[in-house]
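One chain follows as structure tokens, the form predicted alone.
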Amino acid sequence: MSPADRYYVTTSIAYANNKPGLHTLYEVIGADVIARWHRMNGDETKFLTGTDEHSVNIAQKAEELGIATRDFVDGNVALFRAAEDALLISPDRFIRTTDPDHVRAAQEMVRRAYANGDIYVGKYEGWYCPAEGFKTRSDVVETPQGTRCPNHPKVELEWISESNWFFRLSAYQERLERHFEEHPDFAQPDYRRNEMLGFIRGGLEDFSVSRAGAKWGIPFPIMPDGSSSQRPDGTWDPAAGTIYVWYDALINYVTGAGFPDDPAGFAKWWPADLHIIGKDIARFHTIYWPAMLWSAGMEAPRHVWIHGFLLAQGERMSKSLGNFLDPIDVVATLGADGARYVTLREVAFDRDTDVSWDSFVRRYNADLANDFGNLLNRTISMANRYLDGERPSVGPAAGLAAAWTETLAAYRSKIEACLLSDALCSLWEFVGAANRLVEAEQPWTLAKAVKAGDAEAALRLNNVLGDLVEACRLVSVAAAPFIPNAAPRALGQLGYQYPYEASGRGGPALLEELRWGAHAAESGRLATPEPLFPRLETEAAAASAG
């Protein structure tokens, strides 16, 4: 199958150590939009997200709570699933690193690396972050509280010395440099690509792929002498240790594509078209991961998109700091569509962005309640009043039609470049143009002239309202990947059937639906307008969120 026929997009998998914040699910919302865009365009699409469940801090937290580790992660995974359901996330698979097929995939990747001569037994001595893993000298910072991991400054590092297995990352330095140079769009945005390339050129160190003595994790399948660690009864020798959490976690992407159980499925879906990940894990995905794949005889993913953090007053949002937004609360106040829209409109998908609850409410009111919601409501109300509910046909190909051609080109290019906030900005500039048309043409004034017998005014009124109805139709369909529940409701009010399934599959090619006048030959009646996005009072919304 050619790349044009299918699209495989993934997010990073989140630690199942707590309930998710909106900052955790931000990339998942973005990936869901991209997956829906490809489904609606007719691409056979696979969207993978899930949870990483084997970190040391998960086992420690479960022990502190006095419950089994599996019960602890099961409870947290349920919170992730509930939050994603509330946000209308539609993965084709929600993968867990405790899934049996992932255990098989991780162990097979170890065997392949060993067979290729890329892993060896060595001694690790250095810092270990329970929330993240092994830290090289360049990955730690000195603080008044002592040596800390910059991503988890409140977590005390552990100094460990143990015998474990190492992966020969250093053997792949030249190939990685060449890959970055020959595929300049492999890691994006460009400034992140340059950061990663600079790190490679600084010299790569081999990294640990096992943990000695850890009980919670995927059993390492090889003993130090190269024999299998699986006993005759099917159990695993604990002396072999476990697979290091980061090595295990990265492998989820090939598990989701069918490795190793479904060779035909894997041949169809791999390599992934797009990994969407945060800037704190860029090295793992753009340097470690390609080398691991090459060692196993597989291709590197086609693209890795590296996004920034959600900030609160300049500080990274985190559950440990308590400065995060609860996705369930955000949905309760803004609705699922509103939560999706404001998150991806307020937060740039290529860099850190400072946000607040007030900025979310202002964006919701300005873009959804006022600009689009009011345009839709006024358009339907005026057409019902002045044209007796008959849906007007579009006017000559000028004005909004010309503006739409430019808008669609910009919107499409920005979505496909992962610039989701910019894509919405382009689309809402067109919403603004439609609202300006209302004020410039004043359909209520034209309606008075029609009553006075002005035939030219009647034609103009029909054309203006026809253009406004078409503008509302096009914005509703184009924005459907962002606002999948509101889009069908908007089309229904305009007298159209929504042609796609809830996940975005099953309809006509999206770009055909987004052609100006695509349904001009169809007659229809408008429904009674109903507010899609009721305006929020900031104080009341803040109280609700609190």
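These numbers were taken from a predicted model, which means no experiment stands behind them. Position 1 is the first residue in the sequence shown; the rest follow in order.
The form predicted together with the RNA exists for this protein as well; it is not shown, and the discussion that follows is about that form.
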Any non-hydrogen atom of residue 177 within 4.5 angstroms of the RNA in the predicted bound form: no
Exercise: residue 216 in contact with the RNA in the predicted bound form, heavy atom 4.5 Å: no
Residue 232 within 4.5 Å of the RNA in the predicted bound form, heavy atoms: no
Heavy atom of residue 159 within 4.5 Å of the RNA in the predicted bound form: no
The single option of 246, 80, 360, 430 touching the RNA in the predicted bound form, heavy atom within 4.5 Å: 246
Option touching the RNA, based on a heavy atom within 4.5 Å in the predicted bound form, out of 294, 128, 166, 94: 166
Residue stretch of 200 to 208, 219 to 227, 405 to 413, 261 to 269 approaching the RNA in the predicted bound form, non-hydrogen atom distance within 4.5 Å: 200 to 208
Heavy atom contacts to the RNA in the predicted bound form at 4.5 Å, residues of 426 to 461 in sequence order: 432, 435, 436, 438, 439, 444, 448
